[in-house]
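In structure tokens, the next block holds one chain alone, the form predicted alone.
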């Protein structure tokens, strides 16, 4: 199968995207893969597969490789004497801004490019943690209570300490702090506001059970991964999550009963259906007193959560064969012609 991996982007998670792409190269070694790198200036480069190493990008060696532009149906490579079109299905592997905020999805929809990843609406409701809460409320999915703060206004919160402070539109635990006493709250806010003008504050639940579940839709049916119980201390900090992005060995199933698995899958399906078709997502859940609460939606999980599936190659093949098709509207100008005829013009 031919597949193009798009990675990089202008975001705080740029380097994590590179790590993910290198991992996916190894996991999909049986595929006919090509790689397109989006740099911090939003320039696209066709990367030689043998050069898919972190130092290629940290040393700027990618700038010596062919630069691409967008065209209808794919990417275009121009040289002095010829042009080459690259029109494979694209796996959107840009984490954070550009990839998960809907920018790339909008570009691909505009240029009619086939892609695996969240569509624009799905990106809107999963990129900003505040919007995810709104979405959960509309879908009947329980979520952790929260308060939202903005950098331009300072107000007291009604939540009791300890709390966890998160930038509203960032992943990988970047800018996240646990605040156990009020005296440390302002510093945590300053840290989060360095990354986002909007911040979400949630109660920090000591010893909460956390479970991760990934899935995708193929032929109208949601295919679930195994349920994972991530190993953590107080929470998964950036270093643990960064290492997580290079994971390729399948994890062991969480030791939970079938009833809880069914609850997690039911909540996942409520989140996924009618919104995330075309994407493989991972939902992170909390379980408190046998109740399931959505913590976060990962619309482009690290390394595509390959480690949660027994046969990741099959997953990608099934997903790529079940992508939603955007309806193409061709203007007919019938209305203008009718008006012109009525006026005798």
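On a predicted model such as this, the values are computed, not experimentally measured, just so you know. Numbering follows the first chain given and starts at 1.
Another form, the form predicted in complex with a further copy of the same chain, is not on view; read the next lines as being about it.
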| property | result |
| --- | --- |
| Contact check for 27, 31 and 129 against a further copy of the same chain in the predicted complex, heavy atom at 4.5 Å | no |
| Stretch in contact, per heavy atom within 4.5 angstroms of a further copy of the same chain in the predicted complex, of 259-267, 223-231, 80-88, 109-117 | 109-117 |
| Answer option from 38, 294, 52, 315, heavy atom within 4.5 Å of a further copy of the same chain in the predicted complex | 38 |
| In the predicted complex, the residue from 250, 151, 191, 121 that sits within 4.5 Å of a further copy of the same chain by heavy atoms | 121 |
| Partner proximity in the predicted complex: residue 187 to a further copy of the same chain, non-hydrogen atom cutoff 4.5 Å | no |
| Close approach of residue 18 to a further copy of the same chain in the predicted complex, 4.5 Å, heavy atom | yes |
| Contact flag, residue 161 vs a further copy of the same chain in the predicted complex, heavy atom cut 4.5 Å | no |
| Exercise: residue 331 in contact with a further copy of the same chain in the predicted complex, heavy atom 4.5 Å | yes |
| In the predicted complex: members of 116-147 within 4.5 Å of a further copy of the same chain, any heavy atom | 120, 121, 124, 125, 131, 134, 135, 138, 139 |
